[in-house]
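Next comes just one chain, in structure tokens: the form predicted on its own.
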Amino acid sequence: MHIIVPLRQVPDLVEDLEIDASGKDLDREWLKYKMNEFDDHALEEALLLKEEVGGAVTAVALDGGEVDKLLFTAAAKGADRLVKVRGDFPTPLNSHAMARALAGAIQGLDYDLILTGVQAVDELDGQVGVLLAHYLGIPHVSVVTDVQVHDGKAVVHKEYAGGVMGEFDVILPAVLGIQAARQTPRYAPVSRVRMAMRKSTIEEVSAEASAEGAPDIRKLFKPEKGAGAQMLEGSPEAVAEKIIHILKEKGIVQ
């Protein structure tokens, strides 16, 4: 079985994020990047499937930023093949452009299953997997929390609101958007990443992508700060009376 896992670089949210002069994107000059958390779960699920049924895992990422480090980290975790996709991609990169570029690169590869992260922290629309499946003309299921593969199909569990779980039989090849792997993504120590840098090879392919169909970003802005929380002290009875008084003041209760 051959599993492809598209990986995405996202800004490290522990860093201070600043908006650039255009007001439509982040100032990326000094940004630090990391693997998208949901993509890490997709990679872990792929590695678990490889251990269970055999096969190989290919990590694919669009060129830019620290993409080489991203791919070598995937190799350190257990990916067998690394592919970097080069092209003139729009900035900022949106889900439509990313899906088109990935589809163009993946069409030239053999695969049985594609596992994507369900969404990315810098664009919470969850559309890359959906659009990728559309461009490749194969089935798609998203918000997946469990995958079992046998007899040319995948049995997947999809999470719905309220804790409801659905089970689907999906004919392969297919794209699955992984919400969470069955176990915590494995850690790749720096020593193993450095070893991957020496021993692994990054293949390069070319692809084209346009941002057509993506929403137009007019303005980015930081959330406005509120007045802050009001701390209520005293016994439970006294706090309850204060809450009732506040609610009456605001006209929420009579």
Partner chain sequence: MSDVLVFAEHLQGNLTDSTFELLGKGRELAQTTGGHLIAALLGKGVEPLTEQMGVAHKVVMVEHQQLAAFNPEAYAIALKAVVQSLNPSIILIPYTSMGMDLASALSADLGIPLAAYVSEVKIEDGTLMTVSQMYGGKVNVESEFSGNPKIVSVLAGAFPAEAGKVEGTPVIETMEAPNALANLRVTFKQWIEPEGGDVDITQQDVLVSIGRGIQSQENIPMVEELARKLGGALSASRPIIDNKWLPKSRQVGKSGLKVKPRLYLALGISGAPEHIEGMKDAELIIAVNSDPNAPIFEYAHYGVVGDLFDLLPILKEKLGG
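Whichever C-alpha set is largest while still superposing within 1.5 Å between the two forms counts as the rigid core. Predicted, not measured: the structure shown is a model, and the values here were computed from it. Residue numbers count along the first chain shown, from 1.
Beyond what is shown, the protein has a form predicted in complex with its partner chain; the following relates to that form.
The closest heavy atom approach of residue 108 to its partner chain in the predicted bound form falls outside 4.5 Å. In the predicted bound form, at least one heavy atom of residue 126 sits within 4.5 Å of its partner chain. Taking non-hydrogen atoms only, residue 159 approaches its partner chain to within 4.5 angstroms in the predicted bound form. Not displayed here, its partner chain is kept clear of residue 65 by more than 4.5 Å at the level of heavy atoms in the predicted bound form. This chain is displayed alone, yet in the predicted bound form one of 141, 147, 83, 103 has a heavy atom within 4.5 Å of its partner chain; that residue is 141. Contacts of stretch 20 to 38 with its partner chain in the predicted bound form, defined by any heavy atom lying within 4.5 Å, are made by 26, 28, 37, 38, listed in sequence order. When the rigid core is held fixed, the Cα atom of residue 241 travels 2 angstroms or more between this form and the one not shown. Note: residue 211-residue 126 Cα separation is 3 Å or more shorter in the predicted bound form than here. The gap between the Cα atoms of residue 156 and residue 126 is larger in the predicted bound form, by no less than 3 Å, than in this form.
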